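Below, in structure tokens: the form predicted alone, a single chain.
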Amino acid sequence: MGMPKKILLVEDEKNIILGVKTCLEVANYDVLVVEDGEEAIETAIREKPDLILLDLMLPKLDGYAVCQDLKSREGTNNIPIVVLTAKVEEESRKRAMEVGADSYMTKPFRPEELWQEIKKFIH
């Protein structure tokens, strides 16, 4: 077994953090949690996670801004970003994809759906 893959979870709702973190740790991922957009960017630059799970509605900087920033930076532009959001509008999905999101999942979701999504990007 190699090192566990590192996932950065950017989410400010405690119950979702708990659910997703537990779900990922069971699957042997190393999970880093940050709760606002500015911290998300700093942590991604410093830690170079294998994948970022990104909420759109965040304190300080929203998920669109975080995504756009990381995708325009050398060193983080190749990290896959999966948006996890309660926003179901097509407009929101389109905007997320335009700023560089690799995938878009709406809450609530089942753990299996999340694993499936993650496996598309990290093996």
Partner chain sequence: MSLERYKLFFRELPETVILIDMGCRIRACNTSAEKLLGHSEESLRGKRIQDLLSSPPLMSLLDEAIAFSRTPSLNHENSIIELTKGDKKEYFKVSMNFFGAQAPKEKFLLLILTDITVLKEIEQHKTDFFATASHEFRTPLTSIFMGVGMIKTGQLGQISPKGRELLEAIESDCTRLLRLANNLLDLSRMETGSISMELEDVSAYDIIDAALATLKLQAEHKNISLYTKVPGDPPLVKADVNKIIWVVTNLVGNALRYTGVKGSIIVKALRKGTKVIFSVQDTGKGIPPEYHDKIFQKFVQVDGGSGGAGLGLAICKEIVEAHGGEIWLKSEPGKGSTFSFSIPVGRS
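Numbering follows the first chain given and starts at 1. Bear in mind that the values here come from a model prediction, so they are computed numbers and not experimental data.
What follows is about the form predicted together with its partner chain, which we do not show.
Colleague: Closest heavy atom of K87 to its partner chain in the predicted bound form, within 4.5 Å or not?
Modeller: Heavy-atom contact with its partner chain at 4.5 Å: present for K87.
Colleague: Even though the partner isn't displayed, in the predicted bound form is M57 close enough to its partner chain, meaning a heavy atom within 4.5 Å?
Modeller: Contact check for M57: yes, within 4.5 Å of its partner chain in the predicted bound form.
Colleague: Is the gap between I45 and its partner chain in the predicted bound form 4.5 Å or less for some heavy atom pair?
Modeller: Answer no; every heavy atom of I45 is more than 4.5 Å from its partner chain in the predicted bound form.
Colleague: In the predicted bound form, is there a heavy atom of its partner chain that lies within 4.5 Å of any heavy atom of G100, even though the partner is absent here?
Modeller: Result no; G100 lies far from its partner chain in the predicted bound form.
Colleague: Quick check: do E13, V20 and L114 each get a heavy atom within 4.5 Å of its partner chain in the predicted bound form?
Modeller: Yes: E13, V20 and L114 each sit within 4.5 Å of its partner chain in the predicted bound form.
Colleague: Can you list, in sequence order, the residues from 92-113 that come within 4.5 Å of its partner chain in the predicted bound form, counting heavy atoms only?
Modeller: Sequence-ordered list: K107, P108, F109, R110, P111.
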